[in-house]
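Two forms of a single protein chain come next, each set out by itself as structure tokens; they are called structure 1 and structure 2.
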Structure 1
């Protein structure tokens, strides 16, 4: 019980905050509940199938395959593949974190993981179509053109700034999580 409360402490505090909003303004509180219901639905659409597929990926795809395509020696091929997989994905960025963790566990190169995260966050193809439709091709394509080199550069800057030990810890953490 104590462990459970500790685990859900943040959640309970957030719920309490919404309770306070509700007391201050019932209208805003109800609106918050409505948005929560929307977010919950979105998560329900995304997370269960993603986690099931990750479980399957974990048991069926051998480590060697991941290392070959996205691991240390994968070079340009690994970078391109990371961008393509990230861009083909649908859903908000938090859906990318568990996927990245499985890739990491299976031996993908750390810079490729970061490139994958960057691609998922901002060069998604389904979203791009929508961006072109609502904001125009000049806007969307300028963003895309600067984003692709941007995410690769950010990935390498991050690796430069992260101590090796910390990266090792993050990789070990991915073993525990899945």
Structure 2
């Protein structure tokens, strides 16, 4: 029971906070509850297709292929592929973490996984198209030109700064998720 409570502590704290807000101000509490319900509904709409895609990725892409293109010896090929996959993705960032877990399970290099997560969060093609239309191509392409090297540098810095045991712990935890 303690493990279950610990696992869902964030959710339980959010429910308690909404309960307190509801007692203090019913109108504000109902608004907070509506936002919470909307977010929950959005997650329920997004996560099933993501998990179907992950199941197909897990079955269709052999581990050897993932290691070849995104594993330890992949070099620039793995970096480019990580950026392309992250940029082509759709949905909010929380959808990227199950994908990253499958990449870990399949043997992708940890820095490529970090690059994939960075690309998912900052270089999405729909975002780029919106920026070109509303802020102009100079801004959008300058931001992209700064973000891509920044993502790669940060990923490699994290690899240098993180203890190997921590990276292995993250990799092992990803197996438990799937």
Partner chain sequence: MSGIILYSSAIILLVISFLKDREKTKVALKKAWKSFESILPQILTVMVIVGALLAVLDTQTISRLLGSQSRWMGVVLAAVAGSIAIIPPYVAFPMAALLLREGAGYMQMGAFVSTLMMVGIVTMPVEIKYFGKRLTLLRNVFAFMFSFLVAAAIGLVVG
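Here the structure is a predicted model, which is why all the values come from computation and not from measurement. Rigid core (definition): largest C-alpha set, two forms, superposition within 1.5 Å. Residue numbers count along the first chain shown, from 1.
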Handout entry: Label of the structure corresponding to the form predicted on its own
Key = 2
Problem - Residue shift check between the two structures, rigid core fit, residue 10 Cα at least 2 Å - result: yes
Problem - Core-superposed comparison between the two structures, residue 162 Cα displacement 2 Å or beyond - result: no
Practice task
Would you tell me if residue 128 moves between the two structures by 2 Å or more at its C-alpha, with the rigid core held superposed?
Solution key: no
Problem - Cα displacement of residue 41 between the two structures, once the rigid core is superposed (Å) - result: 4.2
Exercise for the section: Report, to one decimal in Å, how far the Cα of residue 20 moves between the two structures once the rigid core is superposed. Expected result: 3.3
